[in-house]
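Single chain ahead, by itself, as structure tokens, in the form predicted on its own.
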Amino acid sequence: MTQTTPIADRLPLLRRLGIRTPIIQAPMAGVSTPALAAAVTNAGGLGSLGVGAMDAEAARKAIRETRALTSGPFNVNVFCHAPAVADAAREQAWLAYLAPRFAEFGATPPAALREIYRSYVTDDAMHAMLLEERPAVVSFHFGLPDAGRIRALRDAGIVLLASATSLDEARAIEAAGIDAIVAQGIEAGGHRGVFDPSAVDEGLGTFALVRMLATQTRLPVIAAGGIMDGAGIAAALALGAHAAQLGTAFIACPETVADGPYREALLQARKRPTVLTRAISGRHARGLANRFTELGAAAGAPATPDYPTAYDAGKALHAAAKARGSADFAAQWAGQAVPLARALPAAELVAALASELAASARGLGELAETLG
């Protein structure tokens, strides 16, 4: 009987990350929790914290809470978007456009919009906190910080990941000295990780992007977007990925802070498609279609303010609707394969994914033998 080589021995990235299965839980700012990250890590994957919408002290608290629940490695994800440029006329036009929807719920729009959180590229306090806390892994979304920040994190012994949606972005990541690329396909839920939201986005699918990056760059590739089960992970690995990052698959886990309407929508997703929208936050993000996404797609809709300034209006409108019992204006981020969502505790989900991956790998091996 031929003995198979453990996957950790075949995939050096897993050894570098300190995990035994090629499953990474996506950071999912606003949904993920220390309990979720720790449960995934304790089950053999890499748990993640999304701290992009937090300040440094809130992020520190989340890191320490996670460490209280696991001795294993986990990822801390920060946003590297270009800071918003204020445009009073555009912001007021957008608020005026939303005003009738606020009125529907007995509320008024904010008088003005704020940039509700800072980019890591300008957040010195967040950078200092990461160097003090030294999480095992830090990942970047929406771009890259400057060379000095990257060098400081590497010198602190932190493994670095960064999202790419194109070959050009991946090559920039490689040139910057990052350790691995998260190849985010158009199928992914949540915000597109494009570096420049004003540039043309080819909208590459996960498998096309993974195969391209696996053959055109020297870095390990992590597949992300539309992967919900072990068969999807196996397919990504067959195309050259070293691991898969799953987000939507984990949202229905009891360890997240997704509210009841969000969980119900995920598990009834066959009734609603996912769409890309700028309306909620000012950047393209994929979520379940609702009245907010319809507003953004309507003929004559004004331009949204910059991200994350537009999110200030989006969150206020959702809060007004939620106070009246409506989830019609919620940001229910979800990827294209959301009908495959399962409501399982995170550890059980990781175990199921690993079992499905093993079964799919055996199936592919049997197919190869048949064809051979």
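Start at 1 with the first residue shown and count on from there. If you're wondering where the values come from, they're calculated on a predicted model, not measured in any experiment.
In what follows, reference is made to the form predicted together with a small molecule, a form of this protein that is not presented.
- The closest non-hydrogen atom of A26 lies within 4.5 Å of the small molecule in the predicted complex.
- Using a 4.5 Å cutoff between non-hydrogen atoms, Y120 does not count as a contact of the small molecule in the predicted complex.
- Proximity of H81 to the small molecule in the predicted complex: non-hydrogen atoms within 4.5 Å are absent; the residue sits far from the partner.
- Under a 4.5 angstroms non-hydrogen atom cutoff, the small molecule in the predicted complex has A188 among its neighbouring residues.
- Just one listed stretch, out of 26 to 34, 342 to 350, 316 to 324, 55 to 63, contacts the small molecule in the predicted complex at the 4.5 Å heavy atom level, and that stretch is 26 to 34.
- Residue in contact with the small molecule in the predicted complex (any heavy atom within 4.5 Å), chosen from S281, T274, T248, T293: T248.
- Checked against the small molecule in the predicted complex, the candidates F195, Y97, F207, Y262 yield a single residue with a heavy atom inside 4.5 Å, and that residue is Y262.
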